[in-house]
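In the form predicted alone, a lone chain appears below as structure tokens.
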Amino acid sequence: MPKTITEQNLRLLIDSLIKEGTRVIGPRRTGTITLYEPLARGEELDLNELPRRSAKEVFFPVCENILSFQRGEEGVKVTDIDPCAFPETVLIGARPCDAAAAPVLDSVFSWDYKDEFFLQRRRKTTVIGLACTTADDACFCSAVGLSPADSKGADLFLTPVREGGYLCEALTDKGKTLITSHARLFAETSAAAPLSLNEPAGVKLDLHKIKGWLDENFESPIWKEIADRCAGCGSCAFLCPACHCFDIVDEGTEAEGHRRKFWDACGFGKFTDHASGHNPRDAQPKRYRNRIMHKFKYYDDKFGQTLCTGCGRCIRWCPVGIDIKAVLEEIQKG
């Protein structure tokens, strides 16, 4: 029989997890925006809107140390950061477009090299997904193979019900364990009626056709028409749940410092700068072309997946108004 949880008990669940020493991250209102942030108590959870930034930061932080170094009398001492030291975490309230991105990223972070910083966070995080009951003009999850009720990437999935509270579907052992260990907060019911889930409107994309066009049109003049106004600010990549470019640098003094991994973006002008001074993507349309190619061709070629979950953040917050849906629709026309 399906499980349900009330709104009050959902917040009590957060309080219980925090008391047990688990780090809980969820949508939290911070000033004028909502962000995925560590919660100090259940009442801080805010499920009224999609957070401004994506949930990928739980697994792939903006910046992280991967080793430290210190020069002493006996030479240079290098100390690795232990990726197993990450705390047990529950990510709660992850919308389908955010939860679905994590298993997409698994492919690249466990491919030719296993990035234990990412993978340990994945292992130690239980994802509680949440179905969407509203969609705005920027949403297009259904156009890239997902839906407002898609549970991909979630260990436990919540669907709002008309009577208040949520239907709970445990999808993995992590989800089942969470319910079992907090059984008093969940109830069994056969009568709960899910709220209607609104599909994003107005976008029909044929991803196979789009990829076919990309396969044949690397040098098309349409790239300049589409992307000449791109400012190269990187906001689309930094807000995206699935973009994952990063750089590694050593920072500090000659005496001590850290090697750090931090976000980068293929839209930045210096992203492909060579030591020789040559830059194979020396103009912004070339860089925007790479963004579209990576998401809808290269990643598919390599891993059989589209590197986009249709969250719409890149549309909402692009400072020059580039709409990736409109770009894809133009490509689809051939």
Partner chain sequence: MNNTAQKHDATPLVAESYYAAVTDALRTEAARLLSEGVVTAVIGYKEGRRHGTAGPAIVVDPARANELIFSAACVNNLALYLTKAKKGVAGTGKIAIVAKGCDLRALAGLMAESQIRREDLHIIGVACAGVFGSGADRREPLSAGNLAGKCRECSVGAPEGADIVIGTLPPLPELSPVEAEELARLEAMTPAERWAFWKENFARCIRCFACRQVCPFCYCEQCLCDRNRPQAVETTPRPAGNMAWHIVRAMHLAGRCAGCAECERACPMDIPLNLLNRKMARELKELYGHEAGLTPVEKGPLVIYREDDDQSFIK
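Nothing here was measured: the structure is a model prediction, and the numbers come from that model. Numbering follows the first chain given and starts at 1.
Absent from the display: the form predicted in complex with its partner chain. The rest refers to it.
The stretch among 68-76, 159-167, 234-242, 101-109 whose residues place heavy atoms within 4.5 Å of its partner chain in the model of the complex is 234-242. Contact annotation for Gln284: at least one heavy atom lies within 4.5 Å of its partner chain in the model of the complex.
Contact annotation for Lys114: none of its heavy atoms lies within 4.5 Å of its partner chain in the model of the complex. Contact check for Trp263: a heavy atom falls within 4.5 Å of its partner chain in the model of the complex. In the model of the complex, its partner chain sits within 4.5 Å of a heavy atom belonging to Val249. Though its partner chain is absent from this view, in the model of the complex it lies within 4.5 Å of a heavy atom of just one residue from Lys224, Lys176, Arg184, Lys209, which is Lys224. Contacts between stretch 25-57 and its partner chain, counted in the model of the complex as any heavy atom lying within 4.5 Å, involve Thr30, Thr32, Ile33, Leu35, Arg52, Arg53, listed in sequence order.
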